[in-house]
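Just the one chain here, laid out as C-alpha cells, in the form predicted alone.
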Amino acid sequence: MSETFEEFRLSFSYGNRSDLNFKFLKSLPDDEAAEFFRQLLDELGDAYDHGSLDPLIQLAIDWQARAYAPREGMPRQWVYEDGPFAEPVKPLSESRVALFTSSGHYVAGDDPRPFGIEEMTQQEAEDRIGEFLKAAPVLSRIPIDTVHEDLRVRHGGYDITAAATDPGVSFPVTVLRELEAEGVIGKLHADAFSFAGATAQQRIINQTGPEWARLLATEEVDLALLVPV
C-alpha cells in the first residue's frame, strides 16, 4: 500500500505505526520532518564507522524537543492557566503517595476486558485504536507488591515492548518503594493505579478524572505521581 510522506509522518500518532519515539513527527511540517530524516541518515552512516548509537538517540531527543516546543501560529492544546492547582499540605516525607499511570498495566487475572474481550492481544488493541479513543477509560488497581511476572500491559497507542520487558519504563513502582525505604516519601499507597491513556480525553476531564480524584481522597492519598504515556 502506497502512502504520501505526510501520511507516513502522521502514521506514528495513533496510526498504523505505534512507536511513540517518533510520534513527534505529527507536530512537524513536511520540510522539517524531511530534514530530520536527512540528519538521521547522516548519523546512521557515521554509526557504521564509530559503532555508537548514542548520536542517533540524541538526535531523536533533540527533534522531539523541537517538535513539541510552542511555535508562532500554532495553537497550544491542553493548557490550563487557571487550573485548580493546590500546594501539598504535608512535607513529602510525611505524605501518602500513590502511583497513577496511563500505561495500560494490570494484574494477571484482572483483565479490564476492553469492549468485553478477554485477553485482547496488543495487536488487536492497536488495530482498534479509533474505538479506544472514543471509549470510557477503565481503571485497574495494582497492589504494589505485585511481582513482574504477574504484571500485564496492553495499550492501543504505543509499542509496549519496553514496558513489558521492564515495567519501570512507565510503571515505576520499584523506584517509589525505594524512596519509601529511604524516607523520602512517608508512605506508598498499597495500590497503584493504571489505565490505557488512549481514551476519551474530554470524558477524563469532565467525568472520570474528578471521580478518580475523589477516590484518591477517600483513600487518604496526599499526593499522586502521575506518569503519562
Partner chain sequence: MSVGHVARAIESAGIPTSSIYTYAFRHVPDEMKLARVVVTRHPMGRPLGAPGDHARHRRVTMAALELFDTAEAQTMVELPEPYRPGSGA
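Positions refer to the first chain, counted from 1. Just so we're clear, the structure is a prediction, and the values are computed from it rather than from any experiment. So that the term is clear: the rigid core is the largest set of C-alpha atoms that superpose within 1.5 Å between two forms.
From this point on, the text means the form predicted together with its partner chain, which you will not see here.
Q: Residue 185 near its partner chain in the predicted complex, any heavy atom under 4.5 Å?
A: So residue 185 counts as contacting its partner chain.
Q: Does its partner chain come within 4.5 Å of any heavy atom of residue 85 in the predicted complex?
A: Although its partner chain is absent here, residue 85 would touch it in the predicted complex, with heavy atoms inside 4.5 Å.
Q: Residue 106: heavy atom within 4.5 Å of its partner chain in the predicted complex?
A: No, no contact at 4.5 Å.
Q: Wondering, does residue 100 line up within 4.5 Å of its partner chain in the predicted complex on heavy atoms?
A: Residue 100: yes, in contact with its partner chain in the predicted complex.
Q: Given that its partner chain is left out here, which of 42, 191, 35, 178 has a heavy atom within 4.5 Å of it in the predicted complex?
A: None of the others qualify; the residue that does is 178.
Q: Which one of 116, 130, 91, 143 is close to its partner chain in the predicted complex, taking close to mean a heavy atom within 4.5 Å?
A: Comparing distances to its partner chain in the predicted complex, the residue within 4.5 Å is 91.
Q: In the predicted complex, does each of 201, 205 and 222 have a heavy atom within 4.5 Å of its partner chain?
A: Looking in the predicted complex, the three residues 201, 205 and 222 all sit within 4.5 Å of its partner chain (heavy atoms).
Q: Using a 4.5 Å cut-off on heavy atoms, what residues in 197 to 229 are near its partner chain in the predicted complex?
A: Contacting residues: 197, 199, 201, 204, 205, 209, 210, 212, 213, 216, 217, 221, 222, 223, 224, 225, 226, 227, 228, 229.
Q: Examine residue 20 after superposing the rigid core and state whether its CA is displaced by 2 Å or more between this form and the one not shown.
A: Yes, the C-alpha position differs by at least 2 Å between this form and the one not shown.
Q: Given that the shift is 3 Å or more, do the Cα atoms of residue 24 and residue 127 end up closer or farther apart in the predicted complex than in this form?
A: Compared with this form, residue 24 and residue 127 lie closer in the predicted complex.
Q: Answer with closer or farther for the CA-CA spacing of residue 123 and residue 20 in the predicted complex compared to the shown form; it moves by 3 Å or more.
A: Relative to the shown form, the pair is closer.
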